[in-house]
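Below you will find one chain, with nothing else, as structure tokens; this is the form predicted on its own, and questions on how it binds or moves follow later.
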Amino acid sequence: MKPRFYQKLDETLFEGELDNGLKIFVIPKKGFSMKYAFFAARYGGCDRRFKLGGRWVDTPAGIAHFLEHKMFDMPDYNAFSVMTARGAWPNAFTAYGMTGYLFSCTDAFDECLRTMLDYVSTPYFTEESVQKEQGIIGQEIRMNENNPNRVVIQNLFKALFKSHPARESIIGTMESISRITAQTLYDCHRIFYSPSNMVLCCSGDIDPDRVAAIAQQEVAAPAGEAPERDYGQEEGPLPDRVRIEASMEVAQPLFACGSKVSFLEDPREWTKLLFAAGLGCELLAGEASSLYADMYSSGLINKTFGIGTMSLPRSAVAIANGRCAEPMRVVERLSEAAERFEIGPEEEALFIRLKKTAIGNFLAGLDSVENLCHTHAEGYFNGCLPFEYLDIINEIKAEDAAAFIRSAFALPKLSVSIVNPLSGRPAV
């Protein structure tokens, strides 16, 4: 494991790579009682179509999430039960572009690390267990379909994108998961859980060389062929649909409006754009902005209103959402403000405060072993490690954020998703 010292942060990152391609990052935190490990695959809800061995393969929506659910079952033990019995807190999640397995503990770190690496690397599925899981995940799907907060965001993605797989829910549909078999899971595990497609990140009062030695012993699979991923046709800046509506049991309309953020191939520039986008969203209509204050004081929005960005594989989305009586009026106010947005003394002062807050939040995250592991996995998959973020944030100018505002919230680029009350009038 080779150390890399970041003087500005007073942090050391240990980095290594096994012969089979597994990347390892360890961030030691001397004196910390909590230890954390994160084992992640670059495989998420959007990785449904890929090319392997010269052949294109299509898989059902929800399969990455389904596979994550099944990985805790081993032929002779349940990994979750074993790790909790040792006093650890294991968990897992599936995002749009990543699946992660994790645990935190104060004792028995080596034993828990061995167990996690073992069960994530060892697929074990039967048709009977797959059918049982289809019922369990089916309940989760029905809950999501009845959750207006999830529906309003998923419908926004359906309106924004023509072909990007983010149009479909990460957990899939009842129809899509019915097509998942044990063999499908084995195939996807072999392809995407290859060591060369994964990263292990650990932090706490731990020995980097010890982590690497355990990984060398437990992750024995050879490097696999890297699949070519297909995230759909080039989208372009305009949405597929301007507006999409649904009716559900809500007391007041829910809305989400947003636009697509065009992907940049350079990892550092893409990271810089996402930071500038986040600052831009806050500058336009965050809680410290004059627009937010005006809309809130007039009763147009309430405390449910929020604005920010969401990153996706080879894309991102700028989103404003909340509950209010007049969703379209909020959209109009946002687009009108964005169209005439300029950096004056008031905006410059707010930008400086927002930038200092972003830097403060970044520095505070250095004391979280969980944050360190997750951001290093995400950064590795995206091509830009988080200890570079401080320099990137410092480079961003107010006009960078203003340019994003004028582009992202221009009316022609916006889609609007609304969930209306069942018995109420359509949103105005």
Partner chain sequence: MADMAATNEAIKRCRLAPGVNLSLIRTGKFKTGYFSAFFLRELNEAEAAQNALITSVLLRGSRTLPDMKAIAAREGELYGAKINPVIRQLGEVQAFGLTVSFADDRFLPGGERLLEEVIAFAGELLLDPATRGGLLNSDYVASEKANLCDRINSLVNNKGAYAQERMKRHMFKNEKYSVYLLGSAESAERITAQGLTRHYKRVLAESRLELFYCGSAEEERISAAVRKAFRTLPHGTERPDVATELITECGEPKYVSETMSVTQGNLALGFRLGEVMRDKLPDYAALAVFNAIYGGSINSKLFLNVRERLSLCYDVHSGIDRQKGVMTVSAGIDFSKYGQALETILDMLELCRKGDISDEELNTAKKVILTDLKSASDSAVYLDAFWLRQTVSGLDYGPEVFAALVEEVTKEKVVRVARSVRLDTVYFLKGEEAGV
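Since we're looking at a predicted model, the values are computed, not measured. Positions refer to the first chain, counted from 1.
Although it is not shown, the form predicted together with its partner chain is what the next lines describe.
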Report yes if all three of Tyr296, Asn302 and Asp367 come within 4.5 Å of its partner chain in the predicted complex by some heavy atom, otherwise no.
yes
Which residue, Arg268, Arg86, Arg114, Arg329, is the contact with its partner chain in the predicted complex, using a 4.5 Å heavy atom cutoff?
Arg86
Here the chain is shown alone; which of Gln216, Thr357, Ser335, Thr173 has a heavy atom within 4.5 Å of its partner chain in the predicted complex?
Thr357
Give a yes/no on whether Glu287 approaches its partner chain to within 4.5 Å in the predicted complex, heavy atoms considered.
yes
Please run the contact check for Asp19 against its partner chain in the predicted complex: heavy atoms, 4.5 angstroms, yes or no?
no
Could you confirm whether Gly135 comes within 4.5 Å of its partner chain in the predicted complex, counting heavy atoms only?
yes
With the partner left out here, check for me: in the predicted complex, does some heavy atom of Leu238 sit within 4.5 Å of its partner chain?
no
Taking 4.5 angstroms as the heavy atom distance cut-off, pick the stretch from 28 to 36, 378 to 386, 397 to 405, 51 to 59 that is near its partner chain in the predicted complex.
28 to 36
Using a 4.5 Å cut-off on heavy atoms, which residues of 234 to 257 contact its partner chain in the predicted complex?
Glu249, Val250, Ala251, Gln252, Leu254
